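What follows is a single chain, given as structure tokens, in the form predicted alone.
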Amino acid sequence: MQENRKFQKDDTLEVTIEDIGHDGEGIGKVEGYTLFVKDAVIGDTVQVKIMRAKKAYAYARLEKVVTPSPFRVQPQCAYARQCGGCQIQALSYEQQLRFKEKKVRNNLIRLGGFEEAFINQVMEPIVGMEEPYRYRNKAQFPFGTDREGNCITGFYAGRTHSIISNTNCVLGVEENEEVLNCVLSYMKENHVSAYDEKIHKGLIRHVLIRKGFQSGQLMVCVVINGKSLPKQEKLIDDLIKIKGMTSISISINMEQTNVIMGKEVRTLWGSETITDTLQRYEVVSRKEKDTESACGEVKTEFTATGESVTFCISPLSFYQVNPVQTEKLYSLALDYAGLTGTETVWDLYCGIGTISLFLAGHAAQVYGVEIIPQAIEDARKNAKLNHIENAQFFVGKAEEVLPREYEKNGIYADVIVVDPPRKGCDEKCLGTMLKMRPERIVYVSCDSATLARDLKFLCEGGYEIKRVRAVDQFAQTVHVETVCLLSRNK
């Protein structure tokens, strides 16, 4: 048998892209040799240059699209290839949804060890967005200088700390550009420097912008490497002219760190917080033929119920960045929980109480757990704001609070809802959940790989997956949320 020729760095090849990797990179083969190509989409024939060669595969740079895929679209952002924020903006939105649905499905099969036929049975089609742009209610823009010494802001290029100058990210709200131009003008007119992380000099590090989609309220927080802003009245005077401006603050961060926000936040003008409201939807599913989806024939309608929860949001609050899809995600979680009004529910990794307060109107008692004290303080304020009296919140690690309250105080659970960070649930936490033996577990995940791992653990401990659904919270990127219902085996 003739041995395949060896491929090396700087080789130029032509390849047809046949698949998409987990990080959105195109995957193709030349003489059995696998190439991973950033910015190539499935169906493209592309010319590439090998940048890093291994024995069985290589990472290659897209040089030219020879024959574009029928799924290739023109990105709305001119910096889509340079910026590290959007990985798949050149892929049609319909195919983005197929990619994300397949990603979740494959992780459950390959990493979770579940049978393909079983996953096909329990998995429902992904919930996509009606408008996959301008959906982010929060953005954090780094500041720096270009080669000519001009202050710039934008986003980091992929896998670097080099700033791509861009004040108009198409995923963010249109007001972002107004705010950033105000800050840049203020810096130029008043000789205010941008931070240089290499030498730990310069004043303005980042600008955080948040918008309440329902309230229309805007928040601006300037992160500084110092104690105050010089001539801050000039900046405030310009910012308050922007429609919806409600809160202007500074965050003091004088540490040599990649952490964006400092520990001290000082309000310069307006309120310390803004508000936003999430609606609850009635989830109605019906069977309808869908030949495109591998996940069955279920179609879902989301009908507004008139029920809503209002949240106070500070510069440090964790709040989902896509409120339109968050309403659908949390409505699905509530639907999966199957509450009748008599249940005791635990909400682990509860943040500022977003899911907890959604659940409270349909349960006898809700307990929320979160490690960040500020988040729990916000959760309690939000419960009071919404006149919710059957929600109690604990500060601490879920893996410590849960066994303590269960074993020492006898607080049990009919339903447990978890929404952990990307690393998934702590194994001790999962073990305590198994000891508590709730009837149902609703798992909301932002990483389907760790979801698959945790579901395997829970199913080996006596639970069965009943329903799984991906929800697209992050259009144009490779990230996807998933909600899963587990039921205790009788």
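What you see is a predicted model; the values in this text were computed from it and never measured. Sequential numbering from 1, following the sequence displayed.
This protein has a second form, the form predicted together with a small molecule, left out of what is shown; the following refers to that one.
Of the heavy atoms in F318, some are within 4.5 Å of the small molecule in the predicted complex. The small molecule in the predicted complex is not approached by V207, whose heavy atoms all lie more than 4.5 angstroms from it. Although the partner is absent here, M254 lies well away from the small molecule in the predicted complex, with no heavy atom inside 4.5 Å. Interface membership of G202, defined by any non-hydrogen atom within 4.5 Å of the small molecule in the predicted complex, is ruled out. Against the small molecule in the predicted complex, the set G351, I372 and E399 is in full contact: each member has a heavy atom within 4.5 Å. When you look in the predicted complex, the only residue of I355, C86, I416, L91 with a non-hydrogen atom within 4.5 Å of the small molecule is I355. Between the small molecule and the residues P125, P403, P420, G270, the one pair within 4.5 Å by heavy atoms in the predicted complex involves P420. Annotated contact segment (heavy atom within 4.5 Å of the small molecule in the predicted complex): 318 to 326, selected among 382 to 390, 408 to 416, 117 to 125, 318 to 326.
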